[in-house]
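Shown here is one chain on its own, the form predicted alone, set out as structure tokens.
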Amino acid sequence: MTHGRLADRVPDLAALELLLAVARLGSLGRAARETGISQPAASGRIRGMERMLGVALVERSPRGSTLTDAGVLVTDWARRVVEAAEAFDAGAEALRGRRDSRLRVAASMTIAEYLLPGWLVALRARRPGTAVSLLAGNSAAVAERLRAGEADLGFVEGIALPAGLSGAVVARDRLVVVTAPAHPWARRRAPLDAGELAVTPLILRERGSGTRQVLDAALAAHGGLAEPLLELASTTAVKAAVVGGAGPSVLSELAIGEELASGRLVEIPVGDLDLHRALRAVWPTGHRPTGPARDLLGLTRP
């Protein structure tokens, strides 16, 4: 499916936000006022969505507007899309690195991609005037930023607190062995042995990444990792290589839900290896977070 074809079949964000407002307010007129458009424009936008989707979404009457059964379902889906767009916007705004930033956040790639945007949306609701800048890199780079005074709060994925930093666990994660469906491991019936994993060249993140640190430690008793088949600097690149059939990898459970659900990746059970890990917020020892950093930390706690 190409992006152009998807855009032809999925309503834009403004239309989805209007539908959510109709659902919440029970009136097309009030929804139009809330979203800053005229009632005729709102009616046209709803009709356009209905034509695009091929189903009726809203029933209009003198008493107001109510959702059809299909409209209820579409509204639930729309809510997820709008929430994802809000998280995208919060993350993108932080990446722009505004000069007036009052909160500098450094985060490892997995946390920056899959957890931090939602936390930033929550922070925006609590402190709407707070400008945030985001520096993304591997866990080792995050620690360096904090020690150099270039960030107020960091998030890392390693097995332990980096030297010179204090921290708190904010989430739990699990690393998963994955392959493309055509890989021989995908057809095996018995769990993979840790020793076999250790001697197999894998597609891996670079040294310094939290994922690589955890895997190195877990396989130390089995002779350590074999020389990587490929070494890539982002989880997205690793996933693409595995999906393309280049070889197996070990990735965060946070990062592969969509690929597992669609069948593009297959999870390979490992019988005798613990690949659970803690995800941590970190800060320089002796400098407990204050102000916006403290607020963000509070929003991340499990």
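For the two forms, the rigid core is made up of the largest set of C-alpha atoms that agree within 1.5 Å on superposition. The first residue of the shown sequence is 1; numbering continues from there. Bear in mind the structure is a predicted one, so any value in this text is a computation, not a measurement.
There is another form of the same protein, the form predicted together with a further copy of the same chain; it is not shown, and what comes next is about it.
When contacts are judged by a 4.5 Å heavy atom cut-off, residue 188 does not count as touching a further copy of the same chain in the predicted complex.
Under a 4.5 angstroms non-hydrogen atom cutoff, a further copy of the same chain in the predicted complex has residue 79 among its neighbouring residues. Taking the partner from elsewhere, residue 281 is found to have every heavy atom lying beyond 4.5 Å of a further copy of the same chain in the predicted complex. Looking at residue 86, you'd find a heavy atom of it within 4.5 angstroms of a further copy of the same chain in the predicted complex.
For the marked spot (165, 200 and 219), a heavy atom within 4.5 Å of a further copy of the same chain in the predicted complex is absent from each of the three residues. For the residues 180, 112, 204, 151, the 4.5 Å heavy atom test against a further copy of the same chain in the predicted complex is passed only by 112.
Partner proximity in the predicted complex, defined as non-hydrogen atoms within 4.5 angstroms of a further copy of the same chain, places exactly one of 191-199, 171-179, 69-77, 142-150 at the interface: 69-77. Contacts between 43-63 and a further copy of the same chain, taken as any heavy atom within 4.5 Å in the predicted complex, involve 52, 53, 54, 55. The Cα shift for residue 206 between this form and the one not shown, taken after rigid core superposition, is 2 angstroms or larger.
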